[in-house]
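Coming up is one lone chain in structure tokens, specifically the form predicted alone.
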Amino acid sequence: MTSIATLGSHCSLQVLKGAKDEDLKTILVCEKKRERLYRRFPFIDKLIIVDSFKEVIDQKCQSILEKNDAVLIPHGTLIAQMSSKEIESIKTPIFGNKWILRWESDRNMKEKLMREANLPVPKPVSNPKDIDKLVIVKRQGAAGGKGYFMAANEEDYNTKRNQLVSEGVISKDETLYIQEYAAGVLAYLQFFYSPLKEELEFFGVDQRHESDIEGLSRIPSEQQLKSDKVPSFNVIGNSPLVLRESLLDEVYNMGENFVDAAKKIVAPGMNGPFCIEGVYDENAKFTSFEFSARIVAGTNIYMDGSPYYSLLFDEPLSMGRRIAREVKTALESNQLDKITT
């Protein structure tokens, strides 16, 4: 019997609960330090205990997954913990397109795909010397906002980068990505593309709460100016958002354009869940500064279904369960190779 497997972090509880709801076996690759946590949940059939998530590529772990006919569901922790080369070496079938995860992890490749999809993106800044307006500086990969910072000019950039290096937040040789800061209402647009139905589904929207940049708004400006701490954009949690209905047509267009662009650039394309991340300005114009080519943690807020999925399905359906249902449908129609890489 086919199993759904994932790493014990990020959105694993949602993924495995959804799999169990679809009557599939569940496997969790779990670090020892979190074993006690995950033993609490009865829908997890099997735990593979490891010292580090990198052990998922080892022969021992791969053999267990193969023996259980596992399909591995990737999420942000997989990208954060492993290189693209390591992910691509995994023999276990990975749901979606493991090759597109390289494009997510590399900022320049990410920008290229977003431009191919005609997404409105902030202007990149190739050299700190060229900073002439407010920018945000980001790390490569799925860092969850940790180590990101804002800068107004080259001197500001160098000061903050050096401080983060001295604090061990970023490494001295780390390549950082600079782009103009886009202001507005944060909106992380969650989608699911089914290659079996050749159809795009809009799942929901979330906002991310980042510490301690959000906390600054509660500190008087006089005290803010006296602080020399570089604020962090580390994601702590998520909350739901419902868009004005008049914005939905553009949302679907952006999602479809992204799917089409991915098919052209990185075969077999953007299969399964993904997220287009950005802000709406005062004119309700969307600017996209990121994409995630897999399930995002913001879907955890919709474990009992989302407002938009309630319009498409007559039952509560989480993103985790939607993934499991796609796997189940593929198995029944002998099309598993169409949804995995």
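Worth saying up front: this structure is predicted, and the values here are computed from it rather than measured. Heads up: residue numbers just count along the shown sequence, starting at 1.
Not pictured, yet referred to below: the form predicted in complex with adenosine monophosphate (AMP).
Undergrad: Tell me, out of Thr92, Ser194, Gln179, Ser84, which residue has a non-hydrogen atom within 4.5 angstroms of adenosine monophosphate (AMP) in the predicted bound form.
TA: Here the answer is residue option Gln179.
Undergrad: Select from the listed residues Phe53, Phe289, Tyr308, Tyr280 the one whose heavy atoms reach within 4.5 Å of adenosine monophosphate (AMP) in the predicted bound form.
TA: In short, Phe289.
Undergrad: In terms of non-hydrogen atoms within 4.5 angstroms, which of the given stretches 157-165, 244-252, 74-82, 179-187 touches adenosine monophosphate (AMP) in the predicted bound form?
TA: Of the options, only 179-187 has residues within 4.5 Å of the partner.
Undergrad: Spell it out for me: taking adenosine monophosphate (AMP) in the predicted bound form, does every residue among Arg107, Gly145 and Phe233 have a heavy atom no farther than 4.5 Å from it?
TA: Judged in the predicted bound form, Arg107, Gly145 and Phe233 all sit within 4.5 Å of adenosine monophosphate (AMP).
Undergrad: Considering non-hydrogen atoms and a 4.5 Å limit, does adenosine monophosphate (AMP) approach Pro122 in the predicted bound form?
TA: Taking the distances in the predicted bound form, the answer for Pro122 is yes, it comes within 4.5 Å of adenosine monophosphate (AMP).
Undergrad: Is Lys138 close enough to adenosine monophosphate (AMP) in the predicted bound form to count, meaning some heavy atom within 4.5 Å?
TA: Answer yes; at least one heavy atom of Lys138 falls within 4.5 Å of adenosine monophosphate (AMP) in the predicted bound form.
Undergrad: Lys98 near adenosine monophosphate (AMP) in the predicted bound form, any heavy atom under 4.5 Å?
TA: Flag for Lys98 set to no.
Undergrad: With the partner left out here, check for me: in the predicted bound form, does some heavy atom of Arg102 sit within 4.5 Å of adenosine monophosphate (AMP)?
TA: No, Arg102 stays farther than 4.5 Å from adenosine monophosphate (AMP) in the predicted bound form.
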